[in-house]
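Heads up, the chain shows up twice below as structure tokens, two forms, tagged structure 1 and structure 2.
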Structure 1
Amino acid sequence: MNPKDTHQTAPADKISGGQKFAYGLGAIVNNLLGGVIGYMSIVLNVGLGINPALVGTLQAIPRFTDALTDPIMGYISDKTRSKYGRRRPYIFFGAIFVGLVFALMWQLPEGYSEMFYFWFFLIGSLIFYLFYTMFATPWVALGYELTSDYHERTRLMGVMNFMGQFAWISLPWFYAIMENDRFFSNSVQGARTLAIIIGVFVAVVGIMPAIFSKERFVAPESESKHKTKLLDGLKSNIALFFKGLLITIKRVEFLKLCAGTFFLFNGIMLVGAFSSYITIFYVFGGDTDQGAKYMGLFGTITTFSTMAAIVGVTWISSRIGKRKTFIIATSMTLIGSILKWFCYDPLVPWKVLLPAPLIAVGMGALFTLMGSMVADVCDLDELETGERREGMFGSIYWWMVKLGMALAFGLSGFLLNATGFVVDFGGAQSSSTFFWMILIDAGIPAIASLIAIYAVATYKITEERSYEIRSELEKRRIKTVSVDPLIQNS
């Protein structure tokens, strides 16, 4: 009989609504931190006059360093021994520190040179991403280990991704808030105030997963004496780190997921700023207030459509499988990206909103399904290596994402310059400039969607294979639980 027809999630594998909600709060913070600089950085160009290429560089450099620190943080988290768990201490303190640093880095004084702002913001960004890694990498790993059930993983990731969309509801409106003349004298002052509000929110809400989530794999009391030995034997730890790193990046099914995410997510991120500039300067002829409002509307429609897509994807994947669901959803994003070419119309401005629901389907599926599929890969890895390495897998996965984001943000400013765009021209850009801006905005995400579909098309961990892996692991744990340095807390 087909396992899909008989499988029922065991009570021990179910995650309570409160646990899912607590973990989902971390998604709101994670998405907010991941996207906020991109949405607020337009102030650096429009408000402070920094060249778009420098703004792109400001976003790229910290993300390169962030990508390097992620695997290290994943390794540290996997190897930590503490009565509070492997993940929760880092989540708690990381949320507090990253919120504080974010509030401070946007307190940009007025009247200084372009290079002063460059170095001020660059230093702040490097510190910000260091603490962001401290929070996010253990939080991601925690989600992979909260349950061992094939479908409960998807349901958890569905709740997480659904809640995380609340961050995206607010993010597209940040520029409109900062530009609002009723609240602030200029966008720079708006950025200062908004950053403080965001920093406090991140610190308060970000600690909730650490307080209320329950780790599934914890160190036994007999191992607590080893919790301070992480820094001992530095040479040995470095060797173990690189050994684990090599094992992780050789996992073929995992690499397929990384490639699919890399191209789909970062293809959209690469042209994120283009949509804003096209809306403001082409559709609305340089009217920043009207452009900002439509940017906010586009983002809000995208977010609510993503929420609906998450619910649908979670349901459909239990019927046809995670891989097929991903391919269908990404195909919708492909269609939406192509539709952009026809929807930038100064005579009918509301048409810019039409592609939003289609693009949202693929993005809603992406982190709902990928998190669940990476967790399945973690089980396969444990079966073959005997180790639980959610932190390493999570960090490498997000390393791929952040590496792509660094490239995307770094290239976006140069691409914008290459089109001939000059911010001082406002809505008087040349027709050639607008042509290339729209072509890049529509074409790159479409091509990236096709590559993502190709990358994931041969992913082989089916539901049936997942049950086989789970059964073999449970048999092994029964035999080794008395000597395993990590015991399952169930």
Structure 2
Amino acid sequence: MNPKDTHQTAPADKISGGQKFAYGLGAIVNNLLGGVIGYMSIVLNVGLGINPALVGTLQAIPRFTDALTDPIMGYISDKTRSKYGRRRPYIFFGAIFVGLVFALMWQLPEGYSEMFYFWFFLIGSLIFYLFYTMFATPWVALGYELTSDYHERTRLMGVMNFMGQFAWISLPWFYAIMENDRFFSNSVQGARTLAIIIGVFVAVVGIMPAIFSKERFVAPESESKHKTKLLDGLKSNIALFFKGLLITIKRVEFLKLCAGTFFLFNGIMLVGAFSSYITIFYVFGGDTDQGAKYMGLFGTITTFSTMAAIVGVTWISSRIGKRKTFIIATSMTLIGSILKWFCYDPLVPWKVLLPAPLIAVGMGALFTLMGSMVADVCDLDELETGERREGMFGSIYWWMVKLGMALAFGLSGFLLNATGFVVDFGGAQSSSTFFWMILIDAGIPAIASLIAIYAVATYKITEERSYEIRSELEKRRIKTVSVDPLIQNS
């Protein structure tokens, strides 16, 4: 497609900078909540002496409850009819409750048994994740519907993804903050205080998207007054929920996006620890100081490259379309991953930094383009089913990401063991162990990138098709506005 042929966003479809910023604040909170327990859980082990296996279990169980709660929340949000909208009330109260629960769940008393802490934290986590879902699912769905424009969606997701990076920059500092003996007597006390700070931050910042964002689809007044018998309503809703779930997971274009995300994101997550291990133990022969310095540098380059990639991808996508942009960006991750094979060199250590910017491009593109593309699928879905179900799509998409991440973390330990790695040997691992570690580190993301490219290459909602769908939807809305449960608020 010639860049000159690309569609120009109509003024009515543009989202103001302020609204994009407000929505992006939700990304900081969302990413913070998504990663914070993983980063703070070390206190459960080193501070309270809970067995690492139990700590791992504490992090794994909510992934299974999410499988139920995420789509239910998506369904509830989709079906909500209130004068404040389908999303904003949940975002508002979800942010306040999740902040409160987070602050409370870390107020762990000292001197109790391991199982006491396990159950205390498990119950706290389950409530936390319930409110996290209450906040995050409608917030994700809101992003899909803030604009109907093909390109403006990508710009919104670019801002969201860019701002969300600040959470990932902050998270690695949390352990250092909790361990800071100038502020806290021990890491447990540090965790208590940090949790309160984070809880307040989440509650205050998390409500911003609810206050400043404008929902595009709102319920007509008559709809919110519609009453049914409680039991009939419940039965009908359960049936509708499963029907909707089935339709969602059968939507081929959506599944392609899920596959693209699952493989690319988790392919990289799966070997995340490998890069550190290889750098420290192979390149620097077990010199943790030098290895950590380079890993810090690697992380900084990755962060800045990701941010630059988000800006670049957003711009390029408006010229050549989302699918081609995704394929180009993921190809760069593929090249970066292959490059790793050649860049782990104990005689030339700085080479470990070379793949970082290339790998970051695909990651920067992923959540910028995928959010925008899922929104396009929601339009297609509405065209075929007559319903707007951003909540359902968003919840299933993000549950798949979260589940994949949990599986990746769990599996990476097994993979490391399978290479023959023995932690006590430090840098003196066998040549075959290092061979397998490097092969996995380079090979898995490379293969995963290839699969992701293949999955998205056959994705059919092009820019032209997207505008056709939109046009048809708008015609239909004009015709059916009197019976449609949702009307466009523009």
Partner chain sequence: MKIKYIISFSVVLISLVFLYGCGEDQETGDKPAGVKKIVITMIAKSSANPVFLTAKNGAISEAKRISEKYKKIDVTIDWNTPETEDALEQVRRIRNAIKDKTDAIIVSCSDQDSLTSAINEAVDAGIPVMTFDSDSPQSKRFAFYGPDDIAMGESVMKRLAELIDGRGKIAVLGGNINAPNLRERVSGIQKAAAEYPEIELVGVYYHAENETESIREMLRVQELYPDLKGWAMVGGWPTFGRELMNKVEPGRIKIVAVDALPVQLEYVEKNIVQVLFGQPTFKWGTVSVETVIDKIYRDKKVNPINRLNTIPVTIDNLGGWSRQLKAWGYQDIPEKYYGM
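We call the rigid core whatever largest set of C-alpha positions still superposes within 1.5 Å between the two forms. Since we're looking at a predicted model, the values are computed, not measured. Reference numbering: structure 1, starting with residue 1.
Structure 1, rather than structure 2, originates from the form predicted on its own.
Once both forms are overlaid on the rigid core, the distance between the two CA positions of P138 between structure 1 and structure 2 is under 2 angstroms. The Cα position of P172 differs by less than 2 Å between structure 1 and structure 2 after fitting on the rigid core.
When the rigid core is held fixed, the Cα atom of V456 travels 2 angstroms or more between structure 1 and structure 2. Look at F274: with the core superposed, its C-alpha moves 7.7 Å between structure 1 and structure 2. Its Cα shifted by 2.6 Å, S317 is compared between structure 1 and structure 2 on a rigid core fit.
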